[in-house]
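Only one chain comes next, encoded as structure tokens, the form predicted alone.
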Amino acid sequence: MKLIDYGVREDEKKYIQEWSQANDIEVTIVSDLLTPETVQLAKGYDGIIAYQQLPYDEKVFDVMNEFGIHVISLRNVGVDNVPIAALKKNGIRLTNVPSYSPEAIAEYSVTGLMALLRNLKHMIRKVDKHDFQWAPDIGRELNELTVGVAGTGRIGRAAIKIYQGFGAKVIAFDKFHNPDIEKQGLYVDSLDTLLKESDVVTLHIPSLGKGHTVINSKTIAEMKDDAIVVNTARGDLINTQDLYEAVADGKLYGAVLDVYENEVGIFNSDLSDQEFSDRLLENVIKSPRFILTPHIAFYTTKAVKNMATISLDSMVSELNNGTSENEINLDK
């Protein structure tokens, strides 16, 4: 069995190499993304593993079919950038890593929120300039707030436990109720209700598709004054322009953003020596009421190892057994 792994970062390499040695399976590591050009490297291999934020070109799957490769295993959760019709046309099966560390993302959402509540961004900037005055950076306490958790999958449930540990009142919304959360009586009837009743709204739901946002001028108008938005899920859940204006105008207190709808080509890139043309993002960065990070909520040693190894395990199961527990149903 020969496998090829695309878009591999330096921090992933050792986990892939350790897996390769432990399982006595050849894995070729490629730092380039999977494109119609780089897929040519896969000739003679049995399966492709990949990770990238950019959309996958349909031509990639035509070439895979030509090479007799009929399984692709993603090292991430989301499959919205994969053209499912092209997979089906070429008889290619798809797997993902549905859970690599829910706790990592849940913990990060709370970390960002606490930094915002205690005005750490502004305070650190002041101290860097030797300004040690307290005011006006008085904080707020999480135990006094109502936190609305949108989405009660693995990450949302992990977040609920942490927020409850801080003593916050937690409410939740999900189209599909989790029995444990149901027993606690945390669910509200609608997302609108959650937005209206929450001091903090934390998003743990998948993308709703282009143009379908949860946080926008209309929904913001219904939210509490001084509410906070936390997004470690998908950038396109928020109209960032509307959110920025609401914070700048004083309607909302602030936001924690680990994702951004136009992050591709920006996040995980060093642009320090380049002219930065995204004025909206620049405004967000400058504002003390925004905590912005470049899609790193998942970025822990545990999560990175799980992403690397679970994707490889799924590939082996697909090739040996014709299926795996992480295979995506392409007909849904």
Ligand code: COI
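Since we're looking at a predicted model, the values are computed, not measured. Counting begins at 1, following the sequence as shown.
If you look for the form predicted together with the ligand, you will not find it shown, but the lines that follow are about it.
No member of the trio 117, 229 and 253 reaches the ligand in the predicted complex with any non-hydrogen atom inside 4.5 Å. Residue-level contacts in the predicted complex: of 100, 163, 108, 244, one residue has a heavy atom within 4.5 Å of the ligand, and it is 100.
Listed residues 91, 139, 78, 167 were compared with the ligand in the predicted complex; 78 is the one with a heavy atom within 4.5 Å. Taking non-hydrogen atoms only, residue 305 never approaches the ligand to within 4.5 angstroms in the predicted complex.
Within this chain, residue 290 is remote from the site of the ligand in the predicted complex, having no heavy atom within 4.5 Å. Although the partner is absent here, residue 234 is a contact residue: one of its heavy atoms lies within 4.5 angstroms of the ligand in the predicted complex.
Of the heavy atoms in residue 298, some are within 4.5 Å of the ligand in the predicted complex. Only one segment in the set 59 to 67, 273 to 281, 31 to 39, 290 to 298 has any non-hydrogen atom within 4.5 angstroms of the ligand in the predicted complex, and it is 290 to 298.
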